[in-house]
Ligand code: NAP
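Encoded as structure tokens, the following chain is the form predicted alone, with no partner shown.
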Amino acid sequence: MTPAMPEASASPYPHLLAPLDLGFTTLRNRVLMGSMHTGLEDRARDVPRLAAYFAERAAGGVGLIVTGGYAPNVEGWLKPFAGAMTRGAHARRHRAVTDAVHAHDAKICLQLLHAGRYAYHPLSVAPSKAKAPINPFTPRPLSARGVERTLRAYVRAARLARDAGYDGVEVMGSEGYLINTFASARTNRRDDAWGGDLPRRMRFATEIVARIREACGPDFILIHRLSMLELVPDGSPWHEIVAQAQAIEAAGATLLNTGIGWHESRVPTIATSVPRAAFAGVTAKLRPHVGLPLVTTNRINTPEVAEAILAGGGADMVSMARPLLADPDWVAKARAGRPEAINTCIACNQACLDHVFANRTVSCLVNPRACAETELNYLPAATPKRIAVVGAGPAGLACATVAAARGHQVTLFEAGDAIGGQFNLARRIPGKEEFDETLRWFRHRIAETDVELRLGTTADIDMLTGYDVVVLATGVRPRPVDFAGHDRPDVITYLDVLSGRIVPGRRVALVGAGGIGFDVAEFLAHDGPSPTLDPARWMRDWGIDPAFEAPGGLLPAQPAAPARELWLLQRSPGRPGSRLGKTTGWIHRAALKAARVQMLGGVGYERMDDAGFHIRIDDTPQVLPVDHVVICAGQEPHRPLQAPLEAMGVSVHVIGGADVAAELDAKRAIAQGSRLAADL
């Protein structure tokens, strides 16, 4: 039987904050901090940083933490010399992590992850010789003896985790990693005791669970992460998912966590354009078929969304990774009834997953302290100063609020009638509605830290005299273009479009195919509500079976007809969008392809006249019959106050787009503003 939920109480989120009795232990609430690789798992010298990172989330009230993935053997490494749990030295090293978490009365599980055919090294193994489309390495098929060695490695790793003080382990059985590929007929082509029909294909997973339970005893949390929705062609049908869940329960699992999608799937699962809790329904669909508690996941970022899922009986716990990266005190703020104080994850992936795939330590766009807890601290200022910050975009907002929180007297000047700068444009893009949450949080922080905000005020030299420090966060201006006809009224800028000053016609060319060009193309391709705000339409656009019955959960995609005919042009040769984020760029390219946007590289811009936009590709002239040309060709720093202030001997710092205008990088802007404020 699944655990009963509590009756309504005075708690603002009674289901979310209710304890969960696992029989041999009790979790203090229903929030699981999901596994997320940070880059701190792979080197012994980073263990103190990892301990501080988890300790801050434990102190913030989370009930159960799951670490990033650790391999049970060398073949299972995600990359050469990646994090592993194979020796006693590893277990002893991890004591610092478990002690730090237990000091705050939270519980923590080590995730055991064998990369299988996703391993980025030549030692990779899999059930069969089936190369992943996202990996250059072809795995070696495991022999029967190799399977047995791997099973023993899992058991050894679980025992070592227990020795290290972990309360349990999570067995990663989803997302296309080794266990998942054994269970799926798509990748398991064996005809022996470990492949063929479903009972033999899922035997590998059930043996791991059963052997860990036997080795580690009945009082050890054993989470199994099951791929409930694979989102790949020829994926597992629903009846097989149910059978796997029931077998895992019988083998001795404590909790069943939800896995969504394989890494090679061409359906977005966690990006900001994915509707909130879009996949919670698949967990709810499984709930009547098993008796152990179920954990649901993906795009759950606010207490209201989490509470609604639990109150509706769709799951017993919610898993969140990035939301706790963004705000380690997420649970404490929810418990205090202060959701407005939560620094909400906007699912941008820019500083977390994009960093992982670039072999960089994870951070967070909205919280630069994430994974930097030991070196970026906002301590009280030894000598409070009078600080003027000019410009209330992301950089200025971060600098002003951090400086004020440290005790400085801060005045924030903003020429416009609202805070946010370029974020006010970004939030208008379909699929980027979450950016509103960051502006809401900054409004709260301005009030909470007593920043003096002067909206509608264009700061000048006279206003800035008398301050100890002036910070210029005055942003950018569009880079001018020089083709003939650029001054015509039908040649406009992205600011004209996104601000609503000009509504382009039905045929539009966009000059510039960086992040801004893609955003504007997405904006112009849609009329009416954003698909992100309409989950049913979003699922049709991407070909997801809303009943989760089809093999892999996929149906033929039915994207909506585009609102305009669009050409997205870039001067440099090559594929437009190739420099977009590693984990989200493919989503933007796929969305524009579905909207029939013509994306062209190596374009020369000749002129705009009444006949249209004259361009040249490979020395071949063309005329695009457009109503408007929108300039998205980059920006230049805007910092007219810098030179006169410096000439007067004023202490001046330049941050954000005013410092470097490349692609309106909010990640860099917020980090730069925060770090400057920490040093002032």
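All values reported here derive from a predicted model rather than from experimental measurement. Note that residue numbering follows the sequence shown and begins at 1.
One more form of this protein exists, namely the form predicted together with this ligand; it is left out here, but the text below deals with it.
- This ligand in the model of the complex comes within 4.5 Å of a heavy atom belonging to Gln570.
- The closest heavy atom approach of Asp519 to this ligand in the model of the complex falls within 4.5 Å.
- With a 4.5 Å cutoff on heavy atoms, Val511 counts as touching this ligand in the model of the complex.
- By the criterion of a heavy atom within 4.5 Å, Val630 is excluded from the residues contacting this ligand in the model of the complex.
- With this ligand omitted here, the record of contacts in the model of the complex names 511 to 519 of 101 to 109, 531 to 539, 511 to 519, 131 to 139, defined by a heavy atom within 4.5 Å.
- When contacts are defined as a non-hydrogen atom within 4.5 Å, all of Lys432, Val481 and Asp665 contact this ligand in the model of the complex.
- Site annotation in the model of the complex: the residue of Ser35, Asn29, Thr38, Gln635 reaching within 4.5 Å of this ligand with a heavy atom is Gln635.
- Between the options Thr269, Thr302, Gln350, Thr411, the residue in contact with this ligand in the model of the complex by a heavy atom within 4.5 angstroms is Gln350.
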